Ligand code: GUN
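Presented below, as structure tokens, is a lone chain in the form predicted on its own.
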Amino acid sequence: MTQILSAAPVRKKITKDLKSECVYLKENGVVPYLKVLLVGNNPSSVIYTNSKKKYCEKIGAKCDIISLNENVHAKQFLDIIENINNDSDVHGCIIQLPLPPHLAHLDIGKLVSSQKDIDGFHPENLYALMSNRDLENHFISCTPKGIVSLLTEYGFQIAGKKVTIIGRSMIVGKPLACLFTNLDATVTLCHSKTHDLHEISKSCDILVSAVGIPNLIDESFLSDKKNQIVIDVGMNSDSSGNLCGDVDFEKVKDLVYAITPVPGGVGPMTIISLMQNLLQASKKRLSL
């Protein structure tokens, strides 16, 4: 029977640990504090930022959502980020994506200081991931970190496995390829120009889809051995407006060894990783 890799039991376990860490930090005078910048009223972004705030407060940390008008001037936007970077009470800052077109030219990865970039987008954090050095003092991108945590908590071995990742974004595909490589997997990073994509995906042990195309992954991408693990990073809407992933869950669920659901799989793990990074940032204050 196919194993459904739900985040729920993992979330329950890790939440308990995060609450304990928060108590310890508060007892030592540090209140973990996150600020989230939300520009505009994109429904998905509003829901996601509210989920972050809710979970942040659940573990005992503080979270403020700074909601800005969709037409906010670039200078005002940058000034707010600079003030957060200089605020010693704030330990983490994230900029909710996507941004409106008039801000899309900004290099988001460099705006938040590396010490508060708990999304793991800053060049210093990405270099630490690529080089696999000094990671305890840097932040790993949240979705890749969450994926590895989910696999680890379910007892899956990564070292020596063949991994195929479809999607080469700076948020998921590229950092995830580095993280899997650091953990001694052999990684093939695929994209829209990849030849023989179906054959490549059939030959892997772990298949990750992060392209944002509803129900792209069907039985034609899978081995007939029913021994693969499928990780669905997609958060899409189908033609009826229902939430769905990149994987056609109903078509493939009985053809694989294990699979993540949408919702309830990678999404919650991303938020968990964000809070782990926030507490990592907060702990640095104890040694200042």
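Since the structure is predicted, the reported quantities are computational estimates derived from the model, not experimental observations. Note that residue numbering follows the sequence shown and begins at 1.
Missing here is the form predicted in complex with this ligand; even so, the following discussion is about that form.
Residues with any non-hydrogen atom within 4.5 angstroms of this ligand in the predicted bound form fall in just one of 178-186, 115-123, 195-203, 69-77: 115-123. Among heavy atoms of L111, none comes within 4.5 Å of this ligand in the predicted bound form.
Put simply, I95 is close to this ligand in the predicted bound form: some heavy atom of it is within 4.5 Å. When contacts are judged by a 4.5 Å heavy atom cut-off, I171 counts as touching this ligand in the predicted bound form. Using a 4.5 Å cutoff between non-hydrogen atoms, K35 does not count as a contact of this ligand in the predicted bound form.
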